[in-house]
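Read the single chain below, which is given as structure tokens and is the form predicted alone.
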């Protein structure tokens, strides 16, 4: 792992170490934290540990700026949640907030300094058309206009085509499950919705186990993992928050088995522990790792994750990171689609990139 990546992981694991960083070290940390969407988190940690005033003026100014950006993001997120609440008045449909919106609404530690670009929600499949039509009547508009994109989302994906509000430029993604139906992992959305807890008269969030499992599934079974450190930080924070309850670990294991997410959870616990010092009990970690693939596949995955989780520094050649990133990109698509569907989808993407066609 490159020196800049080690420095960033160090201050994320132990924010007090910010005080001893040299100017060169701070240059790398600030660059990589911004690239990973974690600059607001580094700023929040500096403030929480009372370090801001002791830092060099240039560093302090960047962190204060990042903190204000995160505060603005939080305000926008709460406002969009309010707009969704207003648009759906009179309905008894359970709308589950996902990811950043859920962390903010539930007051979880991983919301500190977090910047969210959109709002993600989930409803039962039978409520999809109603929620989409309701939001469009309230001003949101379709982002994807091509027939292929519309079919791709509606037939193959775990969410509808995104909607954007033209005045606020805010995007909302409406999910009916947490992974594509074509994925090799198929957690039952009805079970996720059944365990979601209401936080007010309109919104719900997943249970403690399902919040962690969703983040793990998103990073290790759906996304391509390149630059995914922010999601792993979320998972470390969720582990630290919920793991204080000794009963959480047995519930987590049982729930992962019930939803078929034991391997994504094993990756999450392993890398959150190894890279970010997540407080995972030794016996839990040993048991979870039984779900990991056998060597050498496990070694290849470990090399790829460590090389690509944090983007290369601007001045790094990082050829290994580029190769690892491409391998993880291929892996993400391989997990999401069966071979024939994947071949067709990639063929369409190549066609559109080379000829500018929009089927």
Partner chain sequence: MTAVSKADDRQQSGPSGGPLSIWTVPSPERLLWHDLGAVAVVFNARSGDTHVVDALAHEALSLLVESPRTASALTTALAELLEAPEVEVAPKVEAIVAEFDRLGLIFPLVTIH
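Numbering follows the first chain given and starts at 1. Here the structure is a predicted model, which is why all the values come from computation and not from measurement.
The form predicted together with the partner chain is left out here; the points below concern that form.
Where, among 71-79, 261-269, 212-220, 170-178, do residues come within 4.5 Å of the partner chain in the model of the complex by heavy atom distance? Of the options given, it is 71-79.
Can you work out whether residue 87 and the partner chain are in contact in the model of the complex, taking contact to mean some heavy atom pair no more than 4.5 Å apart? Flag for residue 87 set to yes.
Taking heavy atoms and a 4.5 Å cut-off, does residue 273 contact the partner chain in the model of the complex? No.
Residue 99: heavy atom within 4.5 Å of the partner chain in the model of the complex? Residue-level check for residue 99: no, no contact with the partner chain.
Can you work out whether residue 158 and the partner chain are in contact in the model of the complex, taking contact to mean some heavy atom pair no more than 4.5 Å apart? Looking in the model of the complex, residue contacts with the partner chain do not include residue 158, since no heavy atom lies within 4.5 Å.
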